[in-house]
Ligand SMILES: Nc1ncnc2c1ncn2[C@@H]1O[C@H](COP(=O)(O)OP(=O)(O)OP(=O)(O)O)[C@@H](O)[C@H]1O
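A lone chain, given as structure tokens: the form predicted on its own.
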């Protein structure tokens, strides 16, 4: 797959970096070669982010060396990394929304500020290299996510890069944008640049990568070289990567691991179900929300969720998903329109009233909004039942009842904690998410609103969380699923609606026939209306 003669650009040898209580990188060695895409895979906590931070000059290793073409260098700051030609495109946009594309690219460039024409010329060169059109005078806030990513790549290459690092670049892109990104990566590679692609999707590693390195527990546990990866079938590459990622735990993950990693299209056959004969659990009629700061508000949203249905909401992050979820949960006031639950008008009902009816909310801010980190796991599991028997009596907490309920939920939801008395904030993100699900899906839950339920979780926990939601729906519960992961929406949802700037712009029945492409068209504005 390599199109140019190759030579080592960067060699990392025995990189070790420790933080209090954890060794993030443990004698990691790898070579990054010009004209190649080097995929870096591993679960959360495997050490990928720390390794990239060292390359970007944001962290310095405790031991080990970084060398360019055999010459050891010290990357002591981000500026030094840029001077060496290392550009990093982070997972979340770093563009200033109120600035134009050119203004974003010229930030910190005092010499460029004196020569806008030269800056426009440089942008034109980069746009030609990437094979895209970039309007230098467009506001960053007006760009689609795929366009923003192209600008981020141009920004990373602004001074001329030898190495381009892409951190989970497809996590929130439409299928069309992913295809364009792949074309741009191929063009960059053909010019002799080295590319490091961090991804959790095995299909992308196989399709875009020339070689793959797998990290686990801070160590390099596997490497598939250029010739070996080219010789593998996709299934063989997938098996080799999964074996390295999970080791002895692979059997416990099950056959679903490949789907979770994006190795194949979701094949669950329960998605296309006729809900016409099932009761409507949630209905929003022309609902708009009332402002909280600079958030994009829900604007004229009309939707229904039936008993036993998972309705997915797709869209670029920050386009009103938070407002929509909080309106349904009762945390954000309705400016106009009506909210019905089981046929009852609950527009003016508060959070507690809706909880008693069976409306529950799992926030995407697990640690700060979803839990009280300083409180025990046990108390977090029952915190929304304060004042209720048997956990409270005569204004006093009943520890035995709390512990009994906590033990039951810990076991049922597989929450890994040293004890129920452990502070919730000390647990991993996956176990904190299990606390939220255990708390919200019990005690009469009928509808759960979940916002980005698997974001930032390892593959095993992703699988568990998704199965919990599927099981809840199979037992008659309803799910309003907001996610920026299109693969997740396709795997879980019966129907998918697309939100843009606070409004629903189109919907798709998830019947397995071109669902991703249809959703992608709605997200990019290529088609309008509802199927």
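Note that the coordinates shown come from a computational prediction; the quantities given were computed from them, not determined experimentally. Positions refer to the first chain, counted from 1.
The same protein also has a form predicted in complex with the named molecule, omitted here; what follows describes it.
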Handout entry: Per-stretch contact check against the named molecule in the predicted bound form, the hit in 500-508, 483-491, 36-44, 466-474 (non-hydrogen atom, 4.5 angstroms)
Key = 36-44
Practice task
Heavy atom within 4.5 Å of the named molecule in the predicted bound form: which of 317, 168, 307, 364 fits that? Just give me the one.
Solution key: 168
Handout entry: Heavy atom within 4.5 Å of the named molecule in the predicted bound form - residue from 429, 414, 291, 373
Key = 429
Problem - the named molecule contact in the predicted bound form: residue 478, any heavy atom under 4.5 Å - result: no
Problem - Heavy atom of residue 155 within 4.5 Å of the named molecule in the predicted bound form - result: no
Problem - residue 122, heavy atom within 4.5 angstroms of the named molecule in the predicted bound form - result: no
Practice task
Report whether the minimum heavy atom distance between residue 443 and the named molecule in the predicted bound form is within 4.5 Å.
Solution key: no
Problem - All of 22, 49 and 91 within 4.5 Å of the named molecule in the predicted bound form, heavy atom check - result: yes
Exercise for the section: Pull the contact list for 195-210: residues with a heavy atom within 4.5 Å of the named molecule in the predicted bound form, in sequence order. Expected result: 200
Practice task
Might you say whether the CA atoms of residue 514 and residue 201 end up closer or farther apart in the predicted bound form than in this form? Their distance differs by 3 Å or more.
Solution key: farther
Exercise for the section: Could you tell me whether residue 518 and residue 199 have their C-alpha atoms closer or farther apart in the predicted bound form than in the shown form, knowing the shift is 3 angstroms or more? Expected result: farther
